[in-house]
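Here we start with a single chain on its own, the form predicted on its own, put down as structure tokens.
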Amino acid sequence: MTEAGHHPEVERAGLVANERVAEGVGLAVFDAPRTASAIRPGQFVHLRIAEGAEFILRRPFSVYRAPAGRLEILYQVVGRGTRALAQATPGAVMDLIGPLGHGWLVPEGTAHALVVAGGLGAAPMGMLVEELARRGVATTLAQGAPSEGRLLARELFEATCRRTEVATDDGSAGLCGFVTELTDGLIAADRPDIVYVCGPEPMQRIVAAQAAAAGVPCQVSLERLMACGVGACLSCVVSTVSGRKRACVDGPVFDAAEVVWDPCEDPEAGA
């Protein structure tokens, strides 16, 4: 059961749109009213993209937005499954399991949040920034990408966030460098009540350390390979200070202070 009290279920979802939004990145929109009404920011769905032996295992996808009975999924084409998804056309019907996982939490009394997205780490942030705006939370966004063309969801972020700052590897937009070069100063100059982070794990580790040094709570969304998505196969284990946990059930969102970032420091590594 999710933290919102909704049991995950299988739903047949019709693809209503599927378009390329950046180099190697697509936005798929599904008609999935049951899941869309139940899903919460930071949760995900497990999608069966096609039939056949090579698609026996479902693929996990963060939900970017869930407006009016639909699920919007930002995805990067990296393997056979996402290539098949990129080739799917409106009218295709796929089945999904959802909502799954433990999503973002907004602590009582939060007035200012810093949201940090690196690359496709923008994918689980759409619902989050909409929820923060709905609650009247002032949100600062720090976003990083290889180039300006890979800065995803900019229109949504600029419409919902009080302040947006970007960094690109090639300097085509914002700071020339990594987003972590922005976040330390943002935390110091305009201290948030909480930091939310998703992106490459080295980036998340740095931002988590910056937040910890400033005494600011931090939540991270971790990516792991998943086979079942419901906690049975143990393929998505995350090391934490209280033992190994499953990203699909206990996460993908974790308190950054609980994560053991270095596997060598895992208390159960030698068990």
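Residues carry their position along the shown sequence, with the first being 1. These figures come from a predicted structure and were not determined experimentally.
There is another form of the same protein, the form predicted together with a small molecule; it is not shown, and what comes next is about it.
- Residue heavy atoms within 4.5 Å of the small molecule in the predicted bound form occur in exactly one stretch of 80 to 88, 165 to 173, 103 to 111, 143 to 151, and that stretch is 80 to 88.
- For the residues Ser62, Gln204, Thr35, Gln219, the 4.5 Å heavy atom test against the small molecule in the predicted bound form is passed only by Ser62.
- Of the candidates Ile194, Leu120, Leu182, Ile97, Leu120 is the one whose heavy atoms come within 4.5 Å of the small molecule in the predicted bound form; the others do not.
- Although the partner is absent here, Arg244 lies well away from the small molecule in the predicted bound form, with no heavy atom inside 4.5 Å.
- The closest heavy atom approach of Gln76 to the small molecule in the predicted bound form falls within 4.5 Å.
- At least one heavy atom of Leu57 is located within 4.5 Å of the small molecule in the predicted bound form.
- In the predicted bound form, none of the heavy atoms of Asp31 sits within 4.5 Å of a heavy atom of the small molecule.
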